[in-house]
Ligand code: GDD
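Only one chain is included here, represented as structure tokens and corresponding to the form predicted alone.
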Amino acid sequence: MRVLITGISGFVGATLASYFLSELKGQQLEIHGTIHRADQRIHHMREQLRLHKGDLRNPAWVDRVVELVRPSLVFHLAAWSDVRASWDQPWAAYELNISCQLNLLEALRRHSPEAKVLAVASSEVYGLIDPTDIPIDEQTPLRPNSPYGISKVAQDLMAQQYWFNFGLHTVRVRSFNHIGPGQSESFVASAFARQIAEIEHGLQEPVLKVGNLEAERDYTDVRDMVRAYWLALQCGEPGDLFNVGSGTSFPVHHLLDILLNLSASDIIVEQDPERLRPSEVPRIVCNPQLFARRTGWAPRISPRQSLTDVLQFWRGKTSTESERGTKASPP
């Protein structure tokens, strides 16, 4: 069975590839992946993967790759995923998220019309949540309040349209916040963990910069999330839509408290206005019951274990850099 993972060198893509290689060895999967720039997250797996380097914004290149691979399963994970940065570069968020998926679906329609396709949207499509909407189910109105959220609505509805109009077997998931080792520092848990690791290694003054610590979010470990993505394509029917999250939420300061508790360093916490978003929803909680009923999925990894692994990841990256007197390169 040929699997195509777009964005295989990204945080989620690399975790999904690792899951396939370590947990699904008996599935006889031939794993293909698209990469655009760096491949450091998958460097240790390169010999077990079939990689295609190029730009998903180039429809001719996408067409050639899909015609060559003719995948049975497609996990479309390549995306602009920085909500805060999308305010500064809205067109980049729209172009990357919309055009890349359009090129992929067009190529699949031509060369692999029987493929099962997972289109990954985000809880950001719900945007301005009314307190009466919590927990958020699949029927909650879409009120996106960021350029990123708008781009993910377009991806979501585009995948539905290709099922309606062309019979392409698309399954949509709206994933809520996820965390785990290897995540970019543009996300809150990783941003905290990197700063703590650098403070511990003497690469930063003992002042940890933070944004809004009161916003409540529904966090799931990325390793649980990629297992959910696999189950979504195994169990989902064409046109299905699932919310995927833990079903619980807690404020950002809870993440910070756990990470500070995992460190012996004496650290001062200071709010940085640059880390605040123009529009912040106070509380987001997923209702994952539809997905749980269909697949039997539930998170296995606790937030504390996730954060322990995130901090250990950044400690590993900074330990070598501290000897050189330089900062760790972001993933």
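As the structure is a computational prediction, the values presented were derived from the model and not from experiment. Throughout, we count residues from 1 along the sequence that is shown.
The form predicted in complex with the ligand is left out here; the points below concern that form.
Of the residues given (V188, I150, A228, I98), V188 alone sits with a heavy atom within 4.5 Å of the ligand in the model of the complex.
Note on contacts: among P206, G211, G239, P135, the single residue with a heavy atom within 4.5 Å of the ligand in the model of the complex is G211. Of the candidate stretches 103 to 111, 179 to 187, 136 to 144, 257 to 265, only 179 to 187 has residues whose heavy atoms lie within 4.5 Å of the ligand in the model of the complex. Heavy atoms of no residue among S18, R223 and D309 are located within 4.5 Å of the ligand in the model of the complex. Although the partner is absent here, R217 lies within 4.5 Å of the ligand in the model of the complex, judged by heavy atoms. Although the partner is absent here, S122 lies within 4.5 Å of the ligand in the model of the complex, judged by heavy atoms. The ligand in the model of the complex is not approached by R304, whose heavy atoms all lie more than 4.5 angstroms from it. Although the partner is absent from this view, N243 stays clear of the ligand in the model of the complex, with no non-hydrogen atom inside 4.5 angstroms. Counting a residue when any of its non-hydrogen atoms is within 4.5 Å of the ligand in the model of the complex, the one hit in 157 to 175 is S175.
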